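Given as structure tokens, the chain that follows is alone and in the form predicted alone.
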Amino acid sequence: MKGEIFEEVEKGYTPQEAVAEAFRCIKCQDAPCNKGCPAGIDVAKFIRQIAQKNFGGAIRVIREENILPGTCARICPQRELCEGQCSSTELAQAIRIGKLQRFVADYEREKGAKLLGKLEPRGLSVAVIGGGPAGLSAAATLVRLGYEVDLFDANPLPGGLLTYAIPPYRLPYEVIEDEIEYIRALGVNIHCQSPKKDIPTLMERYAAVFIGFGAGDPQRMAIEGENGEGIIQGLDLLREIKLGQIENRGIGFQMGRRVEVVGGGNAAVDAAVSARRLGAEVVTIRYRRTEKEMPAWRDEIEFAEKEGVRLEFLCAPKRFLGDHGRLKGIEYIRMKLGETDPSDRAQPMPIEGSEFIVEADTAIVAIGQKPSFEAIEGAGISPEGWVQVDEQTMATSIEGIYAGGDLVNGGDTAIRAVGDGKRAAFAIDEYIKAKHGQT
């Protein structure tokens, strides 16, 4: 795979640019940007340190709360989170908090990272299942609290969707790779290609268990022709692209000239942009609601449009049309919006007699994910299939078992998963200390 096709798009700040941007901060007393960060980073403090050219101090402030600073700086929707709360918008545009965080994270990678401190060993072990952002955050926090931590991940490489599903143009593999190595250096024992563990058996060996294996299995549409040649799951395409970068090879999918993408989330947008970069001439995202209801982030949608991706709304696939098993087109039906559903979005309703056919060489289906693991026996499960937890502690209904990330929230941001893992780690610490009479 030619590296330039997926070369990182967004460029980082120089030291001079970072200091100048940090100086734009108006140093408001209530620091609403802090409240906008799901991981609890003291945003105002690290910006002040950048303004003072204390880049090492700035990254330490960030790492204390977010063990994946360079990753989250690149892929989190700052416009909706910290930057969306920035008081500087009253005077000009918001401070580019994400780019400032990326600058100090990249500065640290270049200069050499200094490990955060740890408490004395407690002589007790905790198991973490799943190596995505929630699991990595929980593991790093627990090891700093003095626990022996074994992290089990079913994939050949840890990182979950960060490693396997974020295109290189947004998140180069070497960034998440370096941050995982930092977590290893803290003392977390990462066991890859480790099959899913039996939870009751783990509880016999560990003082507590954190589950963060995510929602990595794609949802299926259950319509005619879905399993035909030329129909690709969005996560499969994104995984193959990332493996192509990691293994320095080409990818096994041919896009053809016309590509149809079904879905409205970030994975659909990423897949559409990737298809364009792989040579497809006409790439169209079709979504069953309107643009207003699209779950994809506004920044990502705008980027896709600049890349030449088309967007069509209020239509849904009815069946895939093939010739000797090979995709040739898709029959869609137009939709209208009805009453709101449980997600507080208008329910799409088919318009009878409005079917139309579109030619397609490839169809990419990206309509969401589901948990990649059977329901945890004995744990509370929501009607949608997500594990239910206490929002403050991330504790499940089973004593000693905690959960966080996409498995709990159905698919949210990496920074929220980081916050879940950290919150669970502190709750696990309190649980173990109470159970074992420690202080």
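What you see is a predicted model, and the numbers here were worked out from it, not measured in a lab. Residue numbers here begin at 1 and follow the sequence given.
Same protein, other form: the form predicted together with a small molecule, not shown, and the subject of what follows.
Trainee: Decide if the three candidate residues 233, 275 and 360 all line the small molecule in the predicted complex, where lining means a heavy atom within 4.5 Å.
Mentor: Per the other structure, none of 233, 275 and 360 touch the small molecule.
Trainee: If the cut-off is 4.5 angstroms on heavy atoms, which of these, 95, 143, 75, 309, is the one near the small molecule in the predicted complex?
Mentor: That would be 75.
Trainee: Within 4.5 Å of the small molecule in the predicted complex, heavy atoms considered, which of 284, 155, 245, 85?
Mentor: For this set of options, the contacting one is 155.
Trainee: Tell me the stretch among 116 to 124, 245 to 253, 166 to 174, 326 to 334 that has any heavy atom within 4.5 angstroms of the small molecule in the predicted complex.
Mentor: Going through the listed ranges, the match is 166 to 174.
Trainee: Can you tell me if residue 270 lies within 4.5 angstroms of the small molecule in the predicted complex, counting non-hydrogen atoms only?
Mentor: Although the small molecule is absent here, residue 270 would touch it in the predicted complex, with heavy atoms inside 4.5 Å.
Trainee: Do residue 317 and the small molecule come within 4.5 Å of each other in the predicted complex, heavy atoms counted?
Mentor: Outside the cut-off, so no.
Trainee: Just to confirm, residue 214 within 4.5 Å of the small molecule in the predicted complex by heavy atoms?
Mentor: It does: once the small molecule is placed as it appears in the predicted complex, residue 214 has a heavy atom within 4.5 Å of it.
Trainee: Is residue 107 a contact residue for the small molecule in the predicted complex, using a 4.5 Å heavy atom cut-off?
Mentor: Residue 107: no, not in contact with the small molecule in the predicted complex.
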